[in-house]
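Next up: just one chain, as structure tokens, the form predicted alone.
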């Protein structure tokens, strides 16, 4: 009888393991707009039913190649499997730890593995947190940075100014996300230390700009204007209503916003270009991270990178992430920004913010970077032109 039960158990386990790869493949094939959802739901049930530690790790490994929608299915499956393992008294800490420690895995998946470790082994997780301060994954840095912020805050309350400043600065050196950088910067300012936020993030603050060119009926996005064919600062071109020429534009905005309304006025149905040069100390991969609520295109070293023909859908730091290859020495960056015909108050912004960083969000500073421009007094925006 015992032998029969053992055989049944072995056959059941083998069946689960054999079906898991097929089920995972089905989930990986799920697409946008509900494509493959019904099959994914069936596959999800097969994966989670009577699953063991091996199945859990198989699900995590699948996250390495999963898209956003498939990742959601896999995360949900992993949560259920982990919960069931906990109920049965089993632990997956060792394999989850191996996955979490391997920095080649996707950041969000590693963070999820850490959350499962924290839930089951909170003391172990707490001991791991300080070592995550310079992890390549911003998702895993958060706890370590938060811990330093708490320490610095306590020192500040105790009147230990110098110690608080040191801890805040250590936290700032590791912080790459706005919701942590800003409060650290504010706390340091209260302690008499000014933080150069544009430099910290790596925002590009000094540009040469030219415009306005025409964007009537939103045709400017696809129209090839002279700056796309040549960069000649002494040249003048036919613009929308008058001759255009290159002018310098430097920003003092704390988050690097380049406001095209300043040199050109608050125009509508117009197009402008911004050009800058970035001196890189070496040849390397990097990311351009853009925030922009207007239609835009970007070229690096004359090569078209990407663009979006959309208007006024909101703007935030690191809204778009573009992989680029920097060469040693001079690199050219050209941005095209189009303003449409809408006249509502929330459509007046004609601006962008652009920074250069590594894949974790740490700034890459140009060797030719000049000091961040001094802050200017806030002034009223000029009246919108009828052009």
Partner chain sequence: MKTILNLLAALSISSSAQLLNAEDWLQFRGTDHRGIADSSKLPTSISSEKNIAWKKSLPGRGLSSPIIIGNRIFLTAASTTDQSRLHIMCFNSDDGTTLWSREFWATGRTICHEKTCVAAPTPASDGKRIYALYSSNDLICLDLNGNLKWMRALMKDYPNASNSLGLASSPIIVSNTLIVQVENDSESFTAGIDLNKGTNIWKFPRTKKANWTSPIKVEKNVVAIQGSEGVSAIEASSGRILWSYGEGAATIPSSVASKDGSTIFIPSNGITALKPRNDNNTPEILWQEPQLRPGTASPIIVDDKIFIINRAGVLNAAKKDTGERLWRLRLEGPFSGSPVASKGHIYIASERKGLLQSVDLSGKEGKITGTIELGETILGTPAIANDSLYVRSDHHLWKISNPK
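For the two forms, the rigid core is made up of the largest set of C-alpha atoms that agree within 1.5 Å on superposition. Computed from a prediction, not measured in an experiment: that's the story for all the values here. Positions refer to the first chain, counted from 1.
We do not show the form predicted in complex with the partner chain, though everything after this point is about it.
| query | Looking at 246, 311, 275, 299, which has any heavy atom no more than 4.5 Å from the partner chain in the predicted complex? | reply | After the contact test, the surviving option is 311.
| task | Could you spot which one of 83, 219, 126, 169 gets a heavy atom to within 4.5 Å of the partner chain in the predicted complex? | result | Checking each option against the partner chain in the predicted complex, the one that comes within 4.5 Å is 83.
| Does at least one non-hydrogen atom of residue 179 fall within 4.5 angstroms of the partner chain in the predicted complex? | Yes - in the predicted complex, heavy atoms of residue 179 and the partner chain come within 4.5 Å of each other.
| query | Looking in the predicted complex, any heavy atom of residue 268 within 4.5 Å of the partner chain? | reply | Result no; residue 268 lies far from the partner chain in the predicted complex.
| query | Given that the partner is absent here, does residue 37 sit within 4.5 Å of the partner chain in the predicted complex, heavy atoms only? | reply | Output for residue 37 is yes: heavy atoms within 4.5 Å of the partner chain.
| said: residue 109 versus the partner chain, in the predicted complex: is there a non-hydrogen atom within 4.5 Å? | reply: So residue 109 counts as contacting the partner chain.
| field | Candidate stretches 88 to 96, 277 to 285, 207 to 215, 135 to 143 - the one whose heavy atoms come within 4.5 Å of the partner chain in the predicted complex | value | Residues of 135 to 143 come within 4.5 Å of the partner.
| query | Would the partner chain in the predicted complex be within 4.5 angstroms of a non-hydrogen atom of every residue among 114, 130 and 367? | reply | Heavy-atom distance to the partner chain in the predicted complex: none of the three under 4.5 Å.
| task | Output the sequence-ordered list of residues from 315 to 354 with at least one heavy atom within 4.5 Å of the partner chain in the predicted complex. | result | Residues within 4.5 Å: 315, 316, 319, 320.
| said: Would residue 76 count as moving between this form and the one not shown, using a Cα shift of 2 angstroms or more after superposing the core as the test? | reply: True for residue 76: a C-alpha shift of 2 Å or more.
| field | Did residue 45 shift 2 Å or more between this form and the one not shown, C-alpha, core superposed | value | Yes.
| task | Please say whether, between this form and the one not shown, the C-alpha of residue 200 moves by 2 Å or more once the core is aligned. | result | No, the C-alpha position differs by under 2 Å between this form and the one not shown.
| request: Just say closer or farther for the C-alpha distance from residue 286 to residue 70 in the predicted complex, relative to the shown form; it changes by 3 Å or more. | output: Compared with the form shown here, the C-alpha atoms of residue 286 and residue 70 sit closer together in the predicted complex, by 3 Å or more.
| Direction of the Cα shift between residue 314 and residue 69 in the predicted complex, where the change is 3 Å or more | Farther apart, which means the C-alphas of residue 314 and residue 69 are at least 3 Å more distant in the predicted complex.
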